[in-house]
Ligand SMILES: Cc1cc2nc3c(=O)[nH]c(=O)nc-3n(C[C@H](O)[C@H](O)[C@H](O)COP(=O)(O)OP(=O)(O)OC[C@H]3O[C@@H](n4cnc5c(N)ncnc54)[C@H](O)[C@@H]3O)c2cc1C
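The chain below stands alone and is given in C-alpha cells; this is the form predicted on its own.
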Amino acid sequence: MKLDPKRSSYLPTPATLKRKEKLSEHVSLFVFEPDNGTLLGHKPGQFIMVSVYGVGEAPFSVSSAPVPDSKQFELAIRRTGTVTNAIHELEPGDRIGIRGPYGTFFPVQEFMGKDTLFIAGGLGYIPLRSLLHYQLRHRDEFGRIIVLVGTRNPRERIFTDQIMELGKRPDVEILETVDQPDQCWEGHCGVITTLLPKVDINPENTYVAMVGPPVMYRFVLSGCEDKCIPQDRIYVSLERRMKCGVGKCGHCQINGLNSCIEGPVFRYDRIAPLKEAL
C-alpha cells in the first residue's frame, strides 16, 4: 500500500476477510482485501503485520503473488497462539488491521532467464508460494522451475490440490517428501535433503529460494554446496519474531541486522559469516 508520510507507521489499515479455506488440521488460507480499495503492493517474500482488534498483532508472510488487477491478498496461517487462534475464528466479513508490506523480497528480476530451485520445508511453502506463483504468471521469463517440498507427515501437508496440479504441468518439476509416512502415503520418504540428489541442475544457471525451519538450513545449504551452487545465487528467508516491522524494537535482530527491514529475505553469502543467522 502507498504509505502516507503524515500517517503513523504503527497505525493499521482496515481490511476485510473475503474467504477462508482449511488447508490442514491447523493451517487455513485467508483471503483479505484492504477496505481503502488500494493494492497491498507487496513483492514475493515480504510480510505484513496483522492486528486482531482487542487481541494483538503478529507478522505473516504474504502467500499470494502480486497481481496488478487484484486488490485481494492471501495469508496461510497456522494456529500457534492467541493472535492466530483469533484469526482462525474470523468469518467472511470480519475486519482486521494490517500494516506493511515490510522487509526485503526475492529479486525476481535477477532470477529472470535463469532456473529456480525452490526448497520448501514445512510451512516454508507459504512465503515461497508468492514467488512461485509470480514465476508461473510470467512463465516465459524464467527457466526451469524445480520445486522440492518437505513435510513432517502427510497430515501436515498444505496446498495439496495445488501441488498435485503443479505435478501435472510439463513446465514444472516438483518432488515431495514426508519425514514420517503413514499407511496411506505412497510417495517419497525422508527429510527434504534426500530430494536434492534426485534433481539434476546447472549450478551456473540456477538460483535457489529456500524457506523452512531453522534446523533445515544447515543441511540444505550443505547439499547446495555439494551441487556447486554459488552462495550469491542462494536466497533464504529467515523469519525471526518481528514485533514492530520497522526496525525500532530490535526484537528480530541477527548480529545487529534487523530482520524486519534488512530481511527476511537474505542472500546467503551476506549472512553466512553471522553466527546467529543459521
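Don't overthink the numbering: it's just position in the shown sequence, from 1. In this text the structure is predicted, and so the values were computed from the model without any measurement.
Below: the form predicted in complex with the named molecule, not depicted.
Query raised in the report: So which of 221, 31, 58, 39 reaches within 4.5 angstroms of the named molecule in the predicted bound form, heavy atom to heavy atom?
Result: By the 4.5 Å criterion, the partner-contacting residue is 58.
Query raised in the report: Can you pick the one in 147, 77, 192, 98 that has a heavy atom within 4.5 Å of the named molecule in the predicted bound form?
Result: Of 147, 77, 192, 98, the residue with a heavy atom within 4.5 Å of the named molecule in the predicted bound form is 77.
Query raised in the report: Using a 4.5 Å heavy atom cut-off, which stretch among 122-130, 109-117, 193-201, 165-173 contacts the named molecule in the predicted bound form?
Result: In the other structure, the partner sits against 122-130.
**Report entry** Contact label in the predicted bound form: residue 104 to the named molecule, heavy atom within 4.5 Å
**Finding:** Contact check for residue 104: no, nothing within 4.5 Å of the named molecule in the predicted bound form.
Requested in this report: Using a 4.5 Å heavy atom cut-off, state whether residue 210 contacts the named molecule in the predicted bound form.
Outcome: Contact with the named molecule, no.
Report task. Using a 4.5 Å heavy atom cut-off, state whether residue 81 contacts the named molecule in the predicted bound form. Result -> Judged by the heavy-atom cut-off of 4.5 Å, residue 81 is in contact with the named molecule in the predicted bound form.
Report task. Report whether the minimum heavy atom distance between residue 242 and the named molecule in the predicted bound form is within 4.5 Å. Result -> So residue 242 counts as contacting the named molecule.
Query raised in the report: Out of 97-112, which residues reach within 4.5 Å of the named molecule in the predicted bound form, heavy atoms considered?
Result: Nothing in the stretch sits within 4.5 Å of the partner.
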